[in-house]
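Below sits a lone chain in structure tokens, taken as the form predicted on its own.
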Amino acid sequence: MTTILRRNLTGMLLGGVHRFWVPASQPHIYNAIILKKEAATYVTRVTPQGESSESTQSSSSSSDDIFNKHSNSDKTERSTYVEEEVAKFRYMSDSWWDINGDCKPLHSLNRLRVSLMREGLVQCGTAKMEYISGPQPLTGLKILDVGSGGGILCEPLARLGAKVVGLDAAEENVNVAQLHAEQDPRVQHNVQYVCGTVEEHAEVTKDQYDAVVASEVLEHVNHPDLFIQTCAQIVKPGGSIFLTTLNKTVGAWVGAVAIAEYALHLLPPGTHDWNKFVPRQELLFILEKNGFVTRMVHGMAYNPLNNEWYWIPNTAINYAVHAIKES
């Protein structure tokens, strides 16, 4: 039975093609590049709302309804923090660096998300020309990793030369991350860990970031619109935001919850709440409302048989977004 489920999961995650929509407000910035042989293709063809029945699942009026729905309540009374969600990762604090433990898929995901950020920052001109051909192409850049956990993503970015701030709401995770960073001289001077929420960090930080990354975080916060709005406040004009998350589809529930958590036990049961998944179209709309131009949208697939992630056109389950804040 387990073998059959694994085969079905692999076929579901790796199969299919799905078209995607991106904002067309500034089509001149879209460039065609390939990150790697297997990696994501940056957008070359913009499909404005209204041209394709598949890409117009919500009309401009319904998009406005979405935004107004999120904007009606007083933002001073809202927070992205969810104690129950933070607690899930607080209890994982002793397993962040166990590459065969609960975080095994996250370690594997670095192959995609690190290359996404490295090549994205190079191609959009944020990375400094004098470093892009060397071993540390992100030298001189300041990056914020929101929901950094044990520092799994912070450390490889630091090794690429970036000054990385890892932000996490669980003190246990911050302590683990700091201890691990101290073991590597290539990392310890380039990483700083902070305990708190993104709203708290936005209130006290004075420096704006060249890039903000929130990888596998959006599906664990309240009010994703407020989360993106807050991130927008601390990204420099022309800076980038990188997001990876789960689409709000039946396929995402089957793949990420029913199979990954309960059938194959790739993650602890209860890790994900489907109600918090963010529809791709809604996320792109929220980004545009907050001054971002989407540069790349692509699907991601995980094969548990070989513990590898792949870029795919299908965004029905996992997807990644790179957007640039307008100057």
Partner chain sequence: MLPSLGIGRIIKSSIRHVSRKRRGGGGGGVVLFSRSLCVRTGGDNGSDAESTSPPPSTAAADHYDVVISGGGMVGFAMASALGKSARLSDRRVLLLEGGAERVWDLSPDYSNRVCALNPTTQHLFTSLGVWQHILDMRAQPVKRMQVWEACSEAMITFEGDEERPVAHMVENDVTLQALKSLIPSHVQVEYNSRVSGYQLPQDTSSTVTITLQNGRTISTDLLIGADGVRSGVRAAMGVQYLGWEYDQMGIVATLELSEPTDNTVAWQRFLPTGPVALLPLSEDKSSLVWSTTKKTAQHLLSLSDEDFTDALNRAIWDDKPRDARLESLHKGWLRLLETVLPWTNEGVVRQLPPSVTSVIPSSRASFPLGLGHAVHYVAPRVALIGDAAHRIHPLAGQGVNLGFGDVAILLETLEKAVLLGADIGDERMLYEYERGRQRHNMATMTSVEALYRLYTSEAPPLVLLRSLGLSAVNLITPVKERIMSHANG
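Predicted model only: the values in this text are computed from it and were never measured. Residue numbers count along the first chain shown, from 1.
From this point on, the text means the form predicted together with the partner chain, which you will not see here.
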Though the partner chain is not shown, can you say which of 132, 165, 235, 176 has a heavy atom within 4.5 Å of it in the model of the complex?
132
223, 201, 159, 142: which sits within 4.5 Å of the partner chain in the model of the complex by any heavy atom?
159
Stretch from 115-123, 143-151, 212-220, 167-175 whose residues place a heavy atom within 4.5 Å of the partner chain in the model of the complex:
115-123
Examine residue 107 and determine whether its closest non-hydrogen atom to the partner chain in the model of the complex is within 4.5 angstroms.
yes
Would you please decide whether residue 194 lies within 4.5 angstroms of the partner chain in the model of the complex, comparing each non-hydrogen atom pair?
no
Against the partner chain in the model of the complex, would residue 95 count as a contact residue? Criterion: heavy atoms within 4.5 Å.
no
Heavy atom to heavy atom, is residue 189 within 4.5 Å of the partner chain in the model of the complex?
yes
